[in-house]
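To begin, one chain is listed below as structure tokens, in the form predicted alone.
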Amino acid sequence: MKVSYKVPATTANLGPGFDSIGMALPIYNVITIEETVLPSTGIEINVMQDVENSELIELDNIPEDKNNIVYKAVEMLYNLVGQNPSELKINIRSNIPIAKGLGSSASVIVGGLMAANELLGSPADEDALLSIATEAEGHPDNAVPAILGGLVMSSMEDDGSVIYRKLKWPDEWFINVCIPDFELTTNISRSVLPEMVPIRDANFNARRFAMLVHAIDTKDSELMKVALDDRLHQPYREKLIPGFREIKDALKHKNDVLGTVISGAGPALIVISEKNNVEQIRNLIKETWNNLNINSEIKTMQVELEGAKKIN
């Protein structure tokens, strides 16, 4: 038996929503898990690259053994039902740029879990899958929208359960995904964050996150321009992303731009624009990065409303 799942990319944080909000994007990985026929075949993992984003995807350092994050997530599910994943072939077709802050790891974790769950006869319900995916990923902001699609606020509770609520993203707000040609691993991006922050910064982010949710819910463009500010992670991470400050400051003066944020751990950026004035945005970003000898790919899209989907 063979099962394949197509899983979207995600962008997390949206400025002040650190580790608590994320949205699905229409870029996809496909994960296929097959039960092998011959005994003692063991675990086989193959990672393949789609042509579309080939210049943005580096596969050399992805483990093809039991250290692979897909296998680890699948193993967690099998262990939950008292089994071991002994005879499996896992194929990962990668189209989401890796180490760019676009949820590539969450995508393959979710795809592996969904496919393995089906192979096992679907013993895990949505709540269990959300919990396992979040535990494997480390936080829910990417994993939850990868499963559910759309824009999702989420929290992992002390007992391992996940609470979430969906928000409707305004159709008239465009998402410009700006992907530079260098990588930034989550571990490095998190290493620059302080273990403690001043109470005034925590308070600032609480206010901004409340504004963010209200701005999205009411389609308030003027409030959105204020709501995307952050003091918990972006001031520390921006030093790892050449050109971010220049791009953000330059786009502040464009009437149709609501804001620029780091996508997840970076280095990809998300520019939210009110009208489809994307050429001006693209030209400014490309010029800024070109001056720093950084090539980039910029894609304009809407939120992917559908999460992980079985395709065979």
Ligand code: HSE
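All values reported here derive from a predicted model rather than from experimental measurement. From 1 onward, residues are counted along the sequence shown.
This protein has a second form, the form predicted together with ligand HSE, left out of what is shown; the following refers to that one.
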At the 4.5 Å heavy atom threshold, is residue 267 in contact with ligand HSE in the predicted complex? no
Contact test in the predicted complex: residue 9 vs ligand HSE, heavy atoms, 4.5 Å: no
Does the 4.5 Å heavy atom contact test between residue 142 and ligand HSE in the predicted complex come out positive? yes
Just checking whether residue 75 would be counted as a contact of ligand HSE in the predicted complex - the rule being heavy atoms within 4.5 angstroms. no
Within 4.5 Å, heavy atoms only, one stretch in 26 to 34, 242 to 250, 281 to 289, 258 to 266 touches ligand HSE in the predicted complex. Which? 258 to 266
All of 172, 176 and 274 within 4.5 Å of ligand HSE in the predicted complex, heavy atom check: no
Heavy atom within 4.5 Å of ligand HSE in the predicted complex: which of 186, 86, 161, 79 fits that? Just give me the one. 186
Partner-contacting position among 208, 237, 231, 93 - heavy atom within 4.5 Å of ligand HSE in the predicted complex: 237
Since the partner is left out here, which residues of 1 to 27 would have a heavy atom within 4.5 Å of ligand HSE in the predicted complex? 12, 13, 18, 19
